[in-house]
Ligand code: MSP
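Okay, here we've got a single chain as structure tokens, the form predicted alone, with questions on binding and movement later.
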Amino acid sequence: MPRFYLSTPIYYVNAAPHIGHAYTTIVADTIKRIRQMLGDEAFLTTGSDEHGQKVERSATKAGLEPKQFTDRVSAAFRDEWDALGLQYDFFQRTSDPRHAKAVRKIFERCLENGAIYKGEFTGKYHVGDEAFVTEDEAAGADPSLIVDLTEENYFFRLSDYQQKLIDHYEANPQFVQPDSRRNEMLSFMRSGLRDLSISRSSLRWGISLPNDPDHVFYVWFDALTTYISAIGFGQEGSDESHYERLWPIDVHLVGKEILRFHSVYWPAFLMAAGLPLPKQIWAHGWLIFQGGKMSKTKGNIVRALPIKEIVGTDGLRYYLLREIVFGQDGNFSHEALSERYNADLANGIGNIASRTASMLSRYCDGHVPEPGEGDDGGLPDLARQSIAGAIGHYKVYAFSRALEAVWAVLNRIDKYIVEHKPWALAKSGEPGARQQLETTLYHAAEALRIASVLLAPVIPDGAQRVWTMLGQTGAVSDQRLDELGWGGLKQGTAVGAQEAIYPRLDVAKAVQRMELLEDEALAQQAVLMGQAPATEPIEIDTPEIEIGEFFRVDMRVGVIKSAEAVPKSSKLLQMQVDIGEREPRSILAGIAETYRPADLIGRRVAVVANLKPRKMMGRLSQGMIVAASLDRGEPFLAGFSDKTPVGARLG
């Protein structure tokens, strides 16, 4: 079986996963599914780039050791890919000791071949990119991120590989895609390559050099090696078998902003080490949001999981692959996503599948009929064209055009059904009406079967549900794209249960809900990164009171002795709280959605002791526990250290 190996970038853990990371990984997952359906044994590598100055600083800011910090953020990436159902085979962390072995091995090979030397360098250093930059690049950057730096470093003789790289580009026109990016890189190399610093002596969080432990590897020499360390390079015996079988990689998928590192530095490192070069490097564009490219500074970062909650993984995958021409920048908005979901998934394939299955049940006793001599609506020929077109576009990552080819068939099914009106044919007593009814429903169902196979790499969940609704067994993803043809739907097949595959959205409500979930995700990811969630300034607009009015409220320190949920209430907990009196007080509070009863035992809290008792859900509450919230949101209990005396008065 032919093998196909591809990779995403190795994501930097200085930020939590966002929609840009998800876009690249969804594309990679789609390519893997396509190759599998073309008969290849496909493998996908992704991972986390965890070393460097920015990570060290972020860990310090979060109050964690670098390893603790990277453990946390790396896990967030894996959790996100799992939640989105993305099928990666290797997740490699640069903090993995096996990765360190690979980095040191490729370094030693480059050193032995004379490609590395030790020297001193003074230049403009971009703190954000962790790289020395040219004077022109420094002039165009944020001045606060540029410093003059002199270091003793190990250098890679990149200048020696300038012509070799250019020759490789010219001999292999598909090496870097799209062509506009290839031309960019050729122009960059022809302007002259300078030797590249590959170590730092001022940094501790990284992999030490085997011959000089006072130095650690520069982030790109380290990170790029992940593509081979993930598959066993640098290991011994059977542990290196994946590398021997899978390398060279078929395609690296990268964002255009990191193309230089992958298409100039990485091939040069491999040349120097005497290792095969990647077959292809594909650079995609940016997602453009309101306010421009996504960035923390502009505050327009979007995350994948809140979107998944509203439109499902299929909805997100379909929008990204249909709306954005791969290799180019593409616009993104929650509103456009919701409208595309309704138009193509809910009203498109979802509605067509539901109507077809419903009519098969109603007019053909729930079985696929035999096609007769009636009008086929041109569907067989159009389906054959769609198969060839979609496969051809898939192979060159023209996902949007592949989906257009499939939707041409789906639109024709819809029109074909309207033209022949099966509901009218079923009631007609005219000669040939029954034959045309069965012909119409067979051709509609067969074209839909073909569409479900072609769509399986893009919308795997929905494609499987259509496949099953048509009475097909097994996984639609097990079908071979290159063996797909007209006539595979067998007469007499019992159709499956009907269902709403893609329920229609109220666009305004869907957008509002996604934005609310995005706010929640922002707060959660701020905690993940050790940052306080950003809040808007508040305005104190309550009436002023005199000091005497304040002292009328008797607040005491209490300790919670017991806590239990109140039956038939999702919010209330009943607690026994000791405030220094002879007996604990029974106090009810609406905090059950935030706190578990077991976690409250022994906690010191602030209690309003002179509040008039009242009944809640038939139970007496003898006071109030003080909690804080923002705009009546999640409550947070006020508290005290264990040394604070029970019964002490506040104020």
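For every residue, the number given is its place in the sequence shown, counted from 1. From a predicted model like this one, the values you see are computed outputs, not experimental measurements.
The same protein also exists as the form predicted in complex with the ligand; that form is not shown, yet it is the one meant from here on.
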{"query": "Partner-contacting position among F91, W247, W286, Y125 - heavy atom within 4.5 Å of the ligand in the predicted bound form", "finding": "W286"}
{"query": "Heavy atom within 4.5 Å of the ligand in the predicted bound form - residue from I560, A402, V254, A445", "finding": "V254"}
{"query": "Per-stretch contact check against the ligand in the predicted bound form, the hit in 219-227, 430-438, 189-197, 455-463 (non-hydrogen atom, 4.5 angstroms)", "finding": "219-227"}
{"query": "Partner contact for D49 in the predicted bound form: the ligand, 4.5 angstroms, heavy atom", "finding": "yes"}
{"query": "Any non-hydrogen atom of H262 within 4.5 angstroms of the ligand in the predicted bound form", "finding": "yes"}
{"query": "Interface membership of G20, the ligand in the predicted bound form, 4.5 Å heavy atom rule", "finding": "yes"}
{"query": "I258: touches the ligand in the predicted bound form, heavy atom cutoff 4.5 angstroms", "finding": "yes"}
{"query": "Contacts with the ligand in the predicted bound form - residues in 6-35 whose heavy atoms fall within 4.5 Å", "finding": "P9, I10, Y11, Y12, H18, G20, H21, Y23, T24"}
